[in-house]
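Given as C-alpha cells, the chain that follows is alone and in the form predicted alone.
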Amino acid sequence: MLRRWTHSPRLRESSMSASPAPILITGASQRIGLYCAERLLDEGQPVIATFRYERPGHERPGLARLRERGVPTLQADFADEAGILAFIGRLKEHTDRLRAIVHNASEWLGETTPGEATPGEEARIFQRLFNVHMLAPYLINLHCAELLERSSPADIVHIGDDVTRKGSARHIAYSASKAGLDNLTLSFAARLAPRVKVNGIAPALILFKPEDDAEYRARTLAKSALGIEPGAEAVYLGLRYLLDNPYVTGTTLTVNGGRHLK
C-alpha cells in the first residue's frame, strides 16, 4: 500500500516532538552553506552548522551571524578519518535526532604542474579530496542514520558538482571525488529507503567570488545557456524541493543554468 504524505510549504516537523529536529549543514560558515543555513532559520527550522577552522580571537562573520541566532557551530576537520569520527562524537553530544544532513563541505584543490610536485604531494591532494568529499559523507551517513530515523520525514542531500559530467583537466582529483559522491547518493538511497530519502545537487556557475574580475565573469557567464549568476538561492530552492518532495530519492538535481547545452 502506498503511504500518504501531507505537504506543507514549511518543512514538516518530526513526529516525535513538538519542536523540529535540526538540519545538519557541513561547511556552513560562508557562501552557499551559510546562505542555506540562514534561509532555513528564516523558515523556523533549527540548524547545526560545521566549520573547518577559526583563528583564535578572530570570529568569522558568517559564524557570528549563526551564533547570534542560537545555532550550534561545531568545528570539524574532515581531512582524515580521526577528524571525521571525532566530529560524529561531538554531533551526538548535541542532538539525538536529525531532520536532514546536507553534505556541503568541500575542498577546491587542483593538480600540481608535472615535475614540480614535492614527493607525495599528488597523493596527499587526492587523499584529502577523497576524505572530504567521500569518506566524510560515507562515515557520517553510516553513523548518523539512527539520528535521521528518529525523525519523519528525513533526508540526506549531497552537494556535488556539475563538473562530474565531463571531468576536468585541471582538477582531476576534485572531479573524481565528486563523482564518487554522486555514486554514494545512489547507494545510500537504496540502503536507507524507505525511512530516509537520499539525493544530490550538482551545481555550476552559481556564485562569483569578490576577487573575480569582469573579464573572468563575462567568460564564465558565456558558458551557460541562461548566462546569469543566480546566486545561492538557486541551490537553496533545489534543497527545499528535495526536502519537501516525498517521492524523490536516488536523484541528483542539476542546477547549472543549461551549461550542458553549450
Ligand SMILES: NC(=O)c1ccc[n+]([C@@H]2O[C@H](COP(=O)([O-])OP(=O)(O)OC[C@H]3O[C@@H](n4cnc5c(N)ncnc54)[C@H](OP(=O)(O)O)[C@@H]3O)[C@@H](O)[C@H]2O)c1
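Residue indices: 1-based, along the sequence shown. Predicted model only: the values in this text are computed from it and were never measured.
What follows is about the form predicted together with this ligand, which we do not show.
Asks: Using heavy atoms and a 4.5 Å limit, would one call residue 52 a contact residue for this ligand in the model of the complex?
Replies: Judged by the heavy-atom cut-off of 4.5 Å, residue 52 is in contact with this ligand in the model of the complex.
Asks: With heavy atoms only and a cut-off of 4.5 Å, decide whether residue 225 touches this ligand in the model of the complex.
Replies: No, residue 225 sits far enough from this ligand in the model of the complex that none of its heavy atoms falls within 4.5 Å.
Asks: With a cut-off of 4.5 Å between heavy atoms, is residue 125 one of the residues that contacts this ligand in the model of the complex?
Replies: Flag for residue 125 set to no.
Asks: I'd like to check something about residue 161: if you look in the model of the complex, is any of its heavy atoms closer than or equal to 4.5 Å to a heavy atom of this ligand?
Replies: It does: once this ligand is placed as it appears in the model of the complex, residue 161 has a heavy atom within 4.5 Å of it.
Asks: Of 157, 140, 154, 132, which residue is found within 4.5 angstroms of this ligand in the model of the complex when only non-hydrogen atoms are counted?
Replies: Residue within 4.5 Å of the partner: 132.
Asks: Though this ligand is not shown, can you say which of 40, 32, 66, 196 has a heavy atom within 4.5 Å of it in the model of the complex?
Replies: Checked against the cut-off, the match is 32.
Asks: Kindly confirm or deny that 166, 188 and 252 each have some heavy atom within 4.5 angstroms of this ligand in the model of the complex.
Replies: No.
Asks: Would you mind picking out the stretch of 141-149, 188-196, 92-100, 76-84 that comes within 4.5 angstroms of this ligand in the model of the complex, counting non-hydrogen atoms?
Replies: Among the listed stretches, the partner-contacting one is 76-84.
Asks: Just to make sure I understand: among 163-195, which residues lie within 4.5 Å of this ligand in the model of the complex, judging by heavy atoms?
Replies: Contacts from 163-195: 174, 178.
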